[in-house]
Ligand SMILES: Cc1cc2nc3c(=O)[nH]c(=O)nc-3n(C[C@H](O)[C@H](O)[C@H](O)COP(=O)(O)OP(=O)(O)OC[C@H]3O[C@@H](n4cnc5c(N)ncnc54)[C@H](O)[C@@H]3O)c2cc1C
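For reference, the chain that follows is the form predicted on its own, supplied as structure tokens.
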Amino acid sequence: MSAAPLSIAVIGAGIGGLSAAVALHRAGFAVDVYEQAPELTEVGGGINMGPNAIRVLRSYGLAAALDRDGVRPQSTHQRRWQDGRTLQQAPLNPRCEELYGAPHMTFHRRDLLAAIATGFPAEHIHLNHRLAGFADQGDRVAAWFDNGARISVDVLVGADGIHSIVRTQLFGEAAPDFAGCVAYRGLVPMDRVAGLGVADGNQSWLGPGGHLVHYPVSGKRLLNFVGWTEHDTWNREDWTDRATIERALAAFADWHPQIRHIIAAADTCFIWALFDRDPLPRWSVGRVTLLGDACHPMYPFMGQGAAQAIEDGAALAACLLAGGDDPAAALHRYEQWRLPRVSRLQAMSRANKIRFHMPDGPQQQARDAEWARATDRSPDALRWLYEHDPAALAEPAAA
């Protein structure tokens, strides 16, 4: 008689948690997802997904669901903030698929989450379940929720974000670090900006103390924009989550007319602060582990935060499959396999904040000249990032 499959509880039904649940379910484990919100939702507007993440999601049979509302931008274009001069331009599609077997895609976060959800049984997603605590009992993990529910599983996975309850119980309370940036974000109906030629590519505008990106989402029906500006402090009392269009326009008052046109075309504008944490030395204790922003939140300046959470899920499933009867050892292998790669990307994302926000002057001019010569933002130059197979387990030092 064959042994029963491992039972696994995933705490959090965001992009990382739900994609991990799909990977674990497809690997044959008994998976349930517990989400504190009353519905499946994703905070934020658009999201860039590199071919490394799209290839993983396609391997779960999600290609058609991703294509329903996902966009394949033709190119990426970095420009100067005040005059629109090109700093760097590179193809994205179909070049990414030719090189890496999957396209670069852009989504509304809600559309991406909905596509991932098609790969997991809805009856195993438990909404209105906010984790209150857990106890590793050696051979099982007990967990309980604010609504009174209790469970007992073989493995518990904390995919509950930067303010992770699982992380706090494992490693103690520690506030995340404010990055010195706030972002204005909005969505614009594409017909309002039809004359700008923005429907087919990603554009980034770099300036002193800030930058703004925009790209199409939701089947090119909407243009997503996010504009970052630097600030010394963030206090919830000093800001509102819903900013005014006028406030966003003031933040980019001297920037190129195209930027101001896009911002002014939005009906509403939201604002949020950027936080992260230093890399953790470990993610797992016994039969409990972490995933995504719960263990490696990163600035969005490499476009890899959610992508790395998706890779985490694929690696976790592979490690548990290979781990036999020792889940704790499998979780240790998982963190050792993933830590070098995500730590590298955390550091690169932090460095890009400095690189993108340089004040005008000699350093900025040197950066622009370097970009004119190099192709470090092109898919051809990012093989180490895009070719990686998170489920092809190797020695921990390989990233």
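None of these values were measured; they are calculated from a predicted model. Counting begins at 1, following the sequence as shown.
Beyond what is shown, the protein has a form predicted together with the ligand; the following relates to that form.
This chain is drawn without the ligand; in the model of the complex, the residue among Gly210, Gly201, Pro327, Gly161 with a heavy atom within 4.5 Å of it is Gly161. Checked against the ligand in the model of the complex, the candidates Ala318, Ala117, Ala251, Leu131 yield a single residue with a heavy atom inside 4.5 Å, and that residue is Leu131. Using a 4.5 Å cut-off to the ligand in the model of the complex, not one of Pro51, Pro379 and Pro390 places a heavy atom inside that distance.
Contact with the ligand in the model of the complex, judged as any non-hydrogen atom within 4.5 angstroms, is confined among 193-201, 296-304, 281-289, 243-251 to 296-304. Contact annotation: Ile47 falls within 4.5 Å of the ligand in the model of the complex, judged by heavy atom distances. The ligand in the model of the complex comes within 4.5 Å of a heavy atom belonging to Ile15.
Taking the partner from the other structure, the ligand in the model of the complex has a heavy atom within 4.5 Å of a heavy atom of Ile165.
Among heavy atoms of Gln364, none comes within 4.5 Å of the ligand in the model of the complex. Contact residues in stretch 26-60 (any heavy atom within 4.5 Å of the ligand, taken in the model of the complex) are Tyr34, Glu35, Gln36, Glu42, Ile47, Asn48, Met49.
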